[in-house]
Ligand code: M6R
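Okay, so here's just one chain, in structure tokens, the form predicted on its own.
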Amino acid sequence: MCGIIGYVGNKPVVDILLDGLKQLEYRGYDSSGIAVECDNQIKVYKAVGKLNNLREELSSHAYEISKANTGIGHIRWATHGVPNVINAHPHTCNCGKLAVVHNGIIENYKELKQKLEALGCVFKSQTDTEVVAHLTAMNYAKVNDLKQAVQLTAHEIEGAYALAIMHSDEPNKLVVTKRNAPLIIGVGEGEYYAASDIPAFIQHTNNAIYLKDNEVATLTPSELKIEDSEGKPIIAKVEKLPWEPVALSKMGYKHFMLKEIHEQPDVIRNILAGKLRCSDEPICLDEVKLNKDSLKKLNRIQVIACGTSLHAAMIGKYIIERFCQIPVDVEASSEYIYRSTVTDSNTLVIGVSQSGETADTLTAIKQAKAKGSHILIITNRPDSAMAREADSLLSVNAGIEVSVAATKSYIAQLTSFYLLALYMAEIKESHNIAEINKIKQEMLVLPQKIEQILVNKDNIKACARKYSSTRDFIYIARGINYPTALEGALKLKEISYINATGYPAGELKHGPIAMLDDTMPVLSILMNGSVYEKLLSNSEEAKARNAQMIALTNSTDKKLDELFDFIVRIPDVDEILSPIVSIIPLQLIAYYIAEFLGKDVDQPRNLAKSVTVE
């Protein structure tokens, strides 16, 4: 999981590469590097750690590279080889004339490395990427043409990759290609960009081409040529990007995560707009391309996702089964792809991914699609590879999410699941219409309830401060909020590195209760409804083991004051919708604890925003 950027044009390239890498830093920050064309040579500069370390390295070479206007850059999240300068990209061939940056994994790199070493290539790094540099250089010696050399290399390598390659014998030129990894070409006036994601160049141009798998593009200041894997010319569609550079600003907030938490009321409003107008009108989801007969024939739904998206999917299961009476299976994509794919044309397969590029989920939906299932994708990126595989596409419209820890995209996914479940229930006539209308009415006021929490954060902040010194944390819930407990725990461990775990409250006494003592905080997600009394009983069991008890609740029950050491109250909400409201304080608790501990909130260690490798 890495980010790449390339530029060819007439502007000084170094600042363009560094600014682009800054916008891609969510994709990795173990190390970084650039290669630029200077005085008929390729000069490479690398640094370990955050991007500022590369800036410092480049400051002592500012004059010699100031006139360069062609180059490639890379920000790394290590998959092969430890983070160090040698393993950092770009990588070069032995003669130093060719440089390459790569996002992905070369699955057959060991076999290729043995072959290349036997032919005299000397490897310096532990990475899989270096084989691409040596192999392409060897192919270049045969054909004396960079584009053809890259095409030959692409035929030999296996796995997922996005590559940008330059050669000093062909100045002012980049050759890029991809397979199962994102790569977008930015189209300017007398200049072209190539990058793993749009934010890398959106401040320079909003015209882009989405390169397809196995296509090879040659970029020079004056033209762009795209060919398929067999060398046939491709006329690509230039698309207008909807995003503005202001979306990448913190807008006065200390961190992107805090900004994105505060954007959630408007995210919900944007999703509901045009889809849920009022409680007594049917939900409009034109994006779902299943007609009434097809929906009635469905006998099973599979939902496939990873990480935070998996927790949204678990809540999706709960509400679809309740309103639609269709059995729903939820599975981690990384597990789904390594077992028999049991699905058919009467199965709806839902893929959930913030980026739409998650490698495991992308592979899983391709497997299901091959079996004839209708593929519905819920994603924040309608321009993604996963969206292009969809038969039906629900774009969650959350806007660019910069912080690695997902917040607003999670809320957007949840809201989309509620709309989908209610939409299908209305068509199937599988649930009481009065209750459906009641839920729709409450969905319309969810943004205001979240805003009430966001303008009254002092108690949440006090809770975070009180428990910021703990080394372990347990979250418990039942029913529809069990995934909320998992997501709250994930947020805390992601950005604070505290060992946080979510449990179904009824499972506490089946093992985890052994961990409880006066050093262990237990946070109970205690919502009014069907499991309130049961969860209250589980909380009393934990209290009896001297655990430090915290309640997140919409209850005004006075007996909670005696049971809990700290209470965070939220506006009253129907139990079925409570996951959308109850996650907000958990996001804020995680945020403030991480801030109190001095952690890097937006870029936690070892994590990347979008995992585009399996």
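Quick note: we count residues from 1 along the sequence shown, nothing fancier. Note that this is a predicted model, so its numbers are computed, not measured.
The same protein has a further form, the form predicted together with the ligand, not shown here; the description that follows concerns it.
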Candidate stretches 182-190, 215-223, 352-360, 150-158 - the one whose heavy atoms come within 4.5 Å of the ligand in the predicted bound form: 352-360
Contact residue in the predicted bound form, chosen from Val404, Ala464, Val330, Leu116 - any heavy atom within 4.5 Å of the ligand: Val404
Contacting member of Ala385, Leu508, Leu490, Ile261, with respect to the ligand in the predicted bound form [4.5 Å, heavy atom]: Leu490
Contact label in the predicted bound form: Ser496 to the ligand, heavy atom within 4.5 Å: no
Any non-hydrogen atom of Cys306 within 4.5 angstroms of the ligand in the predicted bound form: yes
